[in-house]
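A single chain, nothing else alongside it, follows as structure tokens in the form predicted alone.
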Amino acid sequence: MTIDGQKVDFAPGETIYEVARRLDRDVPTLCYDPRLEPFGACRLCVVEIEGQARPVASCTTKATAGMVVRTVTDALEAHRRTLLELVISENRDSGDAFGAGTPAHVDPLRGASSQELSTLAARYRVRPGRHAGAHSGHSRRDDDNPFILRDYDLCISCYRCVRVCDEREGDHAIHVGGRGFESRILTEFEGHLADSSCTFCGQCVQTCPTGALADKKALRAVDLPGELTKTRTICPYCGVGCSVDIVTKGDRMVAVQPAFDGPANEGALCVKGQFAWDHVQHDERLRTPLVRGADGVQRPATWDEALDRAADGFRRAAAEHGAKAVYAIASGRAPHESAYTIQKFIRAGFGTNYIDNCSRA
């Protein structure tokens, strides 16, 4: 097939959009998530195909042999700009910033994908006041769950949140209700997330392209000074090895976001990996080893003193009660190197096989 004058091979079943992305063509979209089935709702990814009267959605159209495709023409760019203006007309607080070519302020702390709409609006220099009318979607600020802000005044009905909950998580906690301007994102019986089948994995937050669904814990850091920085690492909560980006402001950790290119998780996280990070900088977190004195009271100690005390305890237990008095349980959160070390500590150090792993249960 030919895309923008360039001949290219394609695999059976590939869509035009997938081929175009492979060629680094910057075809815009708002409803597309590579982890989900193509939906074709936003129509921003439309392309022209030689011999066809109307543009087609590239995300749902399969590539065929001999196809000649144009991804950028004056007509396509005008079409995309008009669509964005229609979307922006429903979006709260879009303001004139879009018309000036700069994104409206949707704080990036809301989620990993929260800047997609504002970035496209700036790219196409949309005119936010061109279309006016009724607004669909109303925020659920009464939902007092501690993790997810449901700010549906920013919703554009791309349904990525519903689809990721269904297709990736299998939770089916949210769905689309109503039609036209009455359509909205709902839980069963229009209740709160905590009363639904939601597992608070945060997938809906991280796929949302407008920030309509946002990370409440991250938004606590909006007024903190400093630039946002992301550091790639591995979630420590279990042995799966999910890739995450630690979001910091200055020396403060303010959020955890899943890595969409993580080989083990592909953008997925559980509730612990997504939201259970407050302990990292908690005021009551231990910052030095503690040893118990003769009076039974714990006091701060050096690492050498604490390790010597622990080693002496192991030796004394083995001497008084035998090697089988020592039993180890390895943590499922430990890396391979630590798991290897503790099994060697028991098998080589005490000559027994008295070791287990919490993950086995």
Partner chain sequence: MAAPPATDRPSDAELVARWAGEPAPLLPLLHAFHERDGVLTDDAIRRVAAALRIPLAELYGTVTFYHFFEREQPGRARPRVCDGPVCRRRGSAELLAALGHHGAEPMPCAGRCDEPIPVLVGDQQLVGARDGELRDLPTPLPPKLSDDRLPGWRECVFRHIRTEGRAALAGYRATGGYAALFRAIAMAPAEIVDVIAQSGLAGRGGAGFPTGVKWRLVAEAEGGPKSIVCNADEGEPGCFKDRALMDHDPHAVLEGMAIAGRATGAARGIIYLRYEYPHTLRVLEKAIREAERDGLLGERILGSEFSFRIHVRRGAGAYICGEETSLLESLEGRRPWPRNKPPYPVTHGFEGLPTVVNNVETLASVPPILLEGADWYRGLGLGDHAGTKVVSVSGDVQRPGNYEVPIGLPLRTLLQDCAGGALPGRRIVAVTQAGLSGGFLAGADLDVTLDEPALRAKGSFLGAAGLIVFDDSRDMVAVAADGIEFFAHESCGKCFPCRIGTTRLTERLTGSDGPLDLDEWRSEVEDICATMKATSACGLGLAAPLIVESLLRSFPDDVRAHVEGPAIET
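Numbering follows the first chain given and starts at 1. Since the model is a prediction, treat every value here as computed from it, not as a measurement.
Keep in mind that the form predicted in complex with the partner chain is not shown, yet the notes after this line are about it.
For the three residues H79, F181 and E190, a heavy atom within 4.5 Å of the partner chain turns up in the predicted bound form in every case. For the options V222, V280, L286, A134, the one in contact with the partner chain in the predicted bound form, meaning a heavy atom within 4.5 Å, is A134. I156 is the sole member of A218, C201, I156, V244 with a non-hydrogen atom within 4.5 Å of the partner chain in the predicted bound form.
A residue is said to contact a partner when one of its heavy atoms sits within 4.5 Å of a partner heavy atom; P28 fails this definition for the partner chain in the predicted bound form, lying far away.
Contact check for L269: no non-hydrogen atom falls within 4.5 Å of the partner chain in the predicted bound form. At least one heavy atom of I174 is located within 4.5 Å of the partner chain in the predicted bound form.
Contact check for R123: no non-hydrogen atom falls within 4.5 Å of the partner chain in the predicted bound form. Partner contacts here mean any heavy atom within 4.5 Å of the partner chain in the predicted bound form, and among 48-56, 311-319, 288-296, 325-333 they occur only in 48-56. Taking a 4.5 Å heavy atom cutoff to the partner chain in the predicted bound form, the contacting residues in 10-44 are L30, P38, F39, G40, A41, C42, R43.
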